[in-house]
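The chain below stands alone and is given in structure tokens; this is the form predicted alone.
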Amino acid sequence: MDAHKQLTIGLFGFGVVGEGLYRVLQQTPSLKASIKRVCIKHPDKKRNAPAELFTDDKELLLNDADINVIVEVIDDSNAAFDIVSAAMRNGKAVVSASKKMIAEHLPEILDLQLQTGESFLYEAAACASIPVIRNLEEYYDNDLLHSMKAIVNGSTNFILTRMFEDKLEFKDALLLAQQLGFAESNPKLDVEGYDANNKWALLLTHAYGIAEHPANLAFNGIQNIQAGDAAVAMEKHFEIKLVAQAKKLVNGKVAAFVIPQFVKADDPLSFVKNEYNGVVIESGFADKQFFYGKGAGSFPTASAVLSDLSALRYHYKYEYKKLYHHTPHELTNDFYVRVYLSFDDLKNIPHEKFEWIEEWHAQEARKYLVGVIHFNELRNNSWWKENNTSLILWTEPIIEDVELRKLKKKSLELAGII
């Protein structure tokens, strides 16, 4: 495609994002992009667009020679993958916002791009209005990328903000999020961490060349966080955020997970409130950089789709430099983490698995401890998600072997043992 070529779009889905894109395109005539046909499940439903645009026959879009771009913004990940595959094989570029589909089918999608030579862009699939994928692709050499941590789910961030600022219990904050449209009627994908984990899986590919199925990453959501946990955090001048984190260790391997975490008041992520997203990237010579913006909603997500459409006019495609042109990094679970754990009954906690316990508070109705544990214990077991147990990572939670030995020695010295 060249900069003067008309983009003729076949759009799948006309929900919040699809309708947002339709509106945004009406306001950006300079892009020379128009929607020819929209495929939806119920074409007879009344919509804020001409009835002749709509069909329930996907073949009318996939086999139309005039349509040179397919935009896919539906919530059925299997159907989305079928649409993407057919479109690319039919010589059409594709723009998608379906993080679950991309995360679960990334190896097949990479193969399709190599086979067909077509562009497949998905800036809208992670952090909506924040151009994080394009920046990771173009700007950061992975040998210099030390770490990346982010708030990538607006629904959970809204709930946690309200728990802190309005002192709400989790269930009341969730209800408020649903009433305001920030959480789905079935909020499981958001509150239990699935959505954030899918986004993180695909961002790891662009950051470190790690193409890992999301099921292989350790993650949890905020469903077990209690008002009492928020009170402990406030007492220590921390906030609680659902943080996606990746860090290159001394051995060159990468630690990565999505787990609630205590965040200090001076951490850039502590400024990310309500439905906003934020990404902090730390690299060799640029130090820390902070990206901030709306992570959900009609127009913010449509703006990311629009950015991808604009890039298609310049033949843009992801090169996956960290995967194809560097030696891809390897994921590891061989490190330790400092955690806060609150629970009802110690018998549900394998406390003997901890390297050591730094704090122990048994007098409250809700007991809690702070200790250091090997990450494999969390990766391979689920006790920390069960029996009303709440696990929150400490600030800067990752502890490597060398550091662990120093800390152990110090704790023994303080105890007067050596």
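Note that this is a predicted model, so its numbers are computed, not measured. Numbering starts at 1 and follows the sequence shown.
Although it is not shown, the form predicted in complex with a small molecule is what the next lines describe.
- Contact check at 4.5 Å (heavy atoms) against the small molecule in the predicted complex: none of Asp141, Ala246 and His329 pass.
- Taking a 4.5 Å heavy atom cutoff to the small molecule in the predicted complex, the contact residue among His105, Lys149, His206, Lys99 is Lys99.
- A heavy atom within 4.5 Å of the small molecule in the predicted complex is found for exactly one of Val339, Ile109, Ile281, Ala183: Ala183.
- The small molecule in the predicted complex comes within 4.5 Å of a heavy atom belonging to Ala296.
- Proximity of Asn197 to the small molecule in the predicted complex: non-hydrogen atoms within 4.5 Å are absent; the residue sits far from the partner.
- The small molecule in the predicted complex comes within 4.5 Å of no heavy atom belonging to Gln261.
- Residue contact with the small molecule in the predicted complex: Asp190 places a heavy atom within 4.5 Å of it.
- Heavy atoms within 4.5 Å of the small molecule in the predicted complex are found in one stretch of 163-171, 150-158, 341-349, 227-235, which is 150-158.
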